[in-house]
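Single chain ahead, by itself, as structure tokens, in the form predicted on its own.
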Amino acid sequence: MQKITNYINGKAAEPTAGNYLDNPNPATGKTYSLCPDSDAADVQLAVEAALAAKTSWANTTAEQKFQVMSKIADLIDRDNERLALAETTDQGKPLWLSRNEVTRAAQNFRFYATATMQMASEAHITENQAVNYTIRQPIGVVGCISPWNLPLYLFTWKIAPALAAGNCVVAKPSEVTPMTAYLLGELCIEAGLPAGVLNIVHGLGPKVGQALVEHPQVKAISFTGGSATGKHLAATAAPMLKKLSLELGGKNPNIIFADCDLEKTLKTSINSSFLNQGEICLCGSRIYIERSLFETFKTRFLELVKRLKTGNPLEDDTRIGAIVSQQHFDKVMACIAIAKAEGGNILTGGNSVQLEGELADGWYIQPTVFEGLSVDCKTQQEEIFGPVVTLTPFDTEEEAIALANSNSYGLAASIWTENLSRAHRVSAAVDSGIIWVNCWLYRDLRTPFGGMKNSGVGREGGWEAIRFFTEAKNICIKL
């Protein structure tokens, strides 16, 4: 039974209290490793290490930061298969998908490695009487808290810009999926990242996450996770005047007009509904279809859904892997029961899947499609975060916009139309931080990422992340 360790001050560290959490493989339901059950004492050690390293790292040249961060990216690429297998074993997603996400984690480090070489200050001449120039300086020690659904990708999505900006980081990965964060610590040692610049503390949110947010020397918190947890963190951090970036939940609309490219729309809608078992905050779980296309779309969509294989994450033809945990499996199944009770007509799926052999105790759910649910029901309003979507017809563009904006989330939306003017109109009217037109999950790392309403506060990605992880200082020189 492998014991995962923390990564503090440049080396592996056992939890101070010596306690561990069971870490099961979702595909089998069996514990395969042990995760540190760390506490405030471990967070304190990590913060002390970060404080000791912060001046040196802040003064490290851009070229040196670029080299070590690029080395980390290269090592992630080198170990893609090892990291992908660890991610699938930990999270339950198909192995082919894990390979893609590990590649994206390397891209995160490589992208922000180049950012270290391109940071610039702004200067303003004030009526030929003064020169104002604005510099950006690292905050110092920052906290990064990442979720379980895209473990390595979202972990590096936070850490890389924080390091590039010159900060030292105390990071908490999800205790549900700790393995790739542990392995990243090993790669940081191999890459020569100076001790204390990155510290990884594993454990439960109420113990490790809370201690990290409460620590007076941690000046900023970047969090990705559920909206309820985000509100709790904000209530703790705001009175301490910490900088906060909160990327929270989504209940995203997929708006399909009758003039869409149907084949492309169907293919992408399958992915946006069920990729990663629907455990992506960007999944389009509310599918709105123009009424004249509704029956055709429904028939074709259901045909494709029924072809999706739910099964062993290690097999190449598996599209739906295991649900991440017993707790989340129970939640998704309860949501399906609620949808039935609300009058939803189940078109396909709705049941757990029982596999054989060593996978018999794993947590699997069929891809599930409902229709006939009212706009204000719980199923249409609350994030399920599983392989469950709803189909709803609309008659007019105005109705589609009203449906899209009908709940408290505003993270992402997909719009499908060949009408360019409509694409612009609807994109401007839908209350979401990210709009994809005739595509989904097409990412440019330079663009701002984040949501409106209950989907979060602030933006990540590109220079938005660098701005968050720095403090702007204006210097005025009178001529």
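Since we're looking at a predicted model, the values are computed, not measured. Note that residue numbering begins at 1 and tracks the sequence as displayed.
This protein has a second form, the form predicted together with a small molecule, left out of what is shown; the following refers to that one.
Taking the small molecule in the predicted bound form as the reference, which of Pro393, Gly372, Gly205, Pro194 has a non-hydrogen atom within 4.5 Å?
-> Selected residue: Gly205.
Of Ser98, Thr224, Asn167, Ser272, which residue is found within 4.5 angstroms of the small molecule in the predicted bound form when only non-hydrogen atoms are counted?
-> Here the answer is residue option Thr224.
Looking in the predicted bound form, any heavy atom of Pro147 within 4.5 Å of the small molecule?
-> So Pro147 counts as contacting the small molecule.
Report whether the minimum heavy atom distance between Glu290 and the small molecule in the predicted bound form is within 4.5 Å.
-> No, Glu290 sits far enough from the small molecule in the predicted bound form that none of its heavy atoms falls within 4.5 Å.
Is Lys340 one of the residues lying within 4.5 Å of the small molecule in the predicted bound form, judged by heavy atom distances?
-> Flag for Lys340 set to no.
Is there a heavy atom of Trp157 lying 4.5 Å or less from a heavy atom of the small molecule in the predicted bound form?
-> No - in the predicted bound form, heavy atoms of Trp157 and the small molecule never come within 4.5 Å of each other.
Work out which of the listed stretches, 85 to 93, 226 to 234, 343 to 351, 184 to 192, brings a heavy atom within 4.5 angstroms of the small molecule in the predicted bound form.
-> After filtering at 4.5 Å, what remains is 226 to 234.
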